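Before any questions on binding or motion, here is one chain by itself as structure tokens, the form predicted alone.
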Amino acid sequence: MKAIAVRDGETTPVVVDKPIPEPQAGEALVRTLRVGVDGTDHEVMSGGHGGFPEGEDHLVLGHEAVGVVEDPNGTDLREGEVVVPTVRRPPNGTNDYFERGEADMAPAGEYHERGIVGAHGFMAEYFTSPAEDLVRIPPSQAEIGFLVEPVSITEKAIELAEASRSTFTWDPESAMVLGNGSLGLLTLAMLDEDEDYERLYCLGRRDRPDPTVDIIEELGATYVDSRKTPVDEVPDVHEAIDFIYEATGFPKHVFQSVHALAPNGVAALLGVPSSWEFEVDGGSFHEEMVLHNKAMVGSVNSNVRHFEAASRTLTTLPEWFLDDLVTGVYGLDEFERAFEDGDTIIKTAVQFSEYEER
């Protein structure tokens, strides 16, 4: 079968030949439909994040996948069901996090992530997975199912943010997404469907005309250009924000966000930064957190219930939004285009096969 991988010492994805994997006991064989490409894939290819499977000279990419069960192999799945795989797997047998169904809370070293660190991904014509790590989705989502994984990331982040405010009456009215990439736009659309939020903002660094700015404004949100209005100046120009979702990986945004939050506000941090030392006013940061009951939560990965929630959420997002978000789906003969960057590119995917309802 064909797979898309990055080789050790290289930074450009290539097509490789691999045998069709054979499912072990408790696993199913899945025929891949589509696999999304995101910033993490680019970080893995550049060597800035992730790692190769032990003893391997390449890593099959891809962690945002949707496929069809080809061989249930004695599991409770049925041939032809549309499924989305979760990402994390135990590195050696199992551990307490996986046994509790909390793989997303395992610390580094206690997990492998398919297509990212320690395990081959899903960017291949077929893949195998334990049945409990395959989430059934409706056939109507066969074409957009690769968005379930990124939406699940936001489902978890919002859950953690709300949990941090659960000890008192919290009535958020405003939210701001930092980052106008595909994850930021998906999150903005999700917040737009949430009746709690009356005013939405999205921060980026794009000049008009720009397709992401068009989407932001079509969703009824306000575009904030960080070159003109830094995060910590948002309250002066617009308003203090109840909920901030950080999806940039820009370290200064973490420290600026505390000054942009309204009293009792919370920020969810999802960006993965590279090392960077700079000066901050630690006293001011500390004071804002304490005297105004603010909170910050870090969030990474997600578990089965977040994937299930993400599938439900996808049914609520406007069709026009999904059409504008996905700017390209490419077959194996032109897969390189799915990895291109550009001002008109938002979300791309590689297609391995067509869905045929049975």
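Since this is a predicted model, take the numbers as computed values, not measurements. Residue positions are given as counts along the sequence shown, with the first one as 1.
This protein has a second form, the form predicted in complex with another copy of the chain, left out of what is shown; the following refers to that one.
In the model of the complex, none of the heavy atoms of residue 318 sits within 4.5 Å of a heavy atom of another copy of the chain. At the 4.5 Å threshold, heavy atoms of residue 140 stay clear of another copy of the chain in the model of the complex, well away from it. The closest heavy atom approach of residue 53 to another copy of the chain in the model of the complex falls outside 4.5 Å. Heavy atoms of residue 283 reach within 4.5 Å of another copy of the chain in the model of the complex, making it an interface residue. Shown without its partner, this chain lists 73, 222, 226, 164 as candidates; in the model of the complex, only 164 has a non-hydrogen atom within 4.5 angstroms of another copy of the chain. Annotated contact segment (heavy atom within 4.5 Å of another copy of the chain in the model of the complex): 167 to 175, selected among 167 to 175, 74 to 82, 230 to 238, 204 to 212.
The partner is not shown here, and in the model of the complex the stretch 12 to 46 never reaches within 4.5 angstroms of another copy of the chain through any heavy atom.
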